[in-house]
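Below you'll find only one chain, the form predicted alone, shown as structure tokens.
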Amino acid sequence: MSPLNLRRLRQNEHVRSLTREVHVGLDQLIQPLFVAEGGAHPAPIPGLTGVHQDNAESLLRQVERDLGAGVRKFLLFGVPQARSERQIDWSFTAGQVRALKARFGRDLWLATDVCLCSSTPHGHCGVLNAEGDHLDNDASVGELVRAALAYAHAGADCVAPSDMMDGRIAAIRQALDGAGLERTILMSYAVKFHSTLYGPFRVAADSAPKSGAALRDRATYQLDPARPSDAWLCAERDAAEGADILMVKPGLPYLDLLRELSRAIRKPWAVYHVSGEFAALEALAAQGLANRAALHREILTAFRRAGASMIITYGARYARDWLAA
């Protein structure tokens, strides 16, 4: 018999649990929340089991249920009724931040997405130029700074710019510090790719680029999946500009970059298990082709193994049961 018997440490659950090198805990998971202004009832999101576009009242009830399920960390996306090209009114989402913090206080940690896509008539993540075929970077950064300040003043623990404009991390950090909000955490969507996996999210956030616009998609400001060197440049820049947490989005197609970047840049790394990825797993389970809990547990483990300190997942509210199964 071979002296190298590797199977001895796999022979039962007791020894497997003792020798595991990667662990997933509920405290590492962040649950996305969507809240729309004026909605009469919570609206389900196709593909995202148990996720709704809430209204102001149902959002509070949902968070109360989530806290009961052991979830304490959230990422909020607001969908206001009014849309504007410039001088956007950020009061709706800021109001939801204020309401959540007033109701739950330190029982939750609340990050708020900072972007323009749900607040502009064209659905892009910044301010369009006069011709409508390109984003005005500096004007976009100005709007992002105003949004981040509004959310931080309302009580957000963390602001998370997802737009991919150049220089927005430095501008937001400087504005926060100048306003006496130096304790507000800045989580950058540093490595966000132009992906086909955002479909259910764009329904939830009403954030798809509108048809008829000269700028048809987000390829001019999100990263090209075939250009990993750009991911390195963006991550290094955002770290240098003052981001406290860096993020890779989507997750599964970019585990190689998450692994490399998290080893090279010694900041906490988040990974966003995006809506298309999550919906695909749910579809497998719904067809009886995989065990739901085991499937999600395997993917969460892969994210942690690749270097993620935290995971943004639509299934955080179910994870206590999944991780115990």
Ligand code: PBG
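If you're wondering where the values come from, they're calculated on a predicted model, not measured in any experiment. The first residue of the sequence shown is number 1, and the count goes up from there.
Keep in mind that the form predicted in complex with this ligand is missing from the display, and what follows is about it.
Here the chain stands alone, but in the predicted complex its contact with this ligand, taken as any heavy atom within 4.5 Å, falls in 270-278 among 53-61, 35-43, 286-294, 270-278. Contact annotation for Q222: at least one heavy atom lies within 4.5 Å of this ligand in the predicted complex. Mapping the unseen interface onto this chain, C125 counts among the residues with a heavy atom inside 4.5 Å of this ligand in the predicted complex.
Contact between D113 and this ligand in the predicted complex is found at the 4.5 Å heavy atom cutoff. Mapping the unseen interface onto this chain, L186 falls outside it, with no heavy atom inside 4.5 Å of this ligand in the predicted complex. Proximity to this ligand in the predicted complex, taken as a non-hydrogen atom within 4.5 angstroms, holds for one residue of H153, H134, R202, R146, which is R202. Between this ligand and the residues Y198, Y254, W90, F74, the one pair within 4.5 Å by heavy atoms in the predicted complex involves Y198. Residue K249 is the only one in 223-250 with at least one heavy atom within 4.5 Å of this ligand in the predicted complex.
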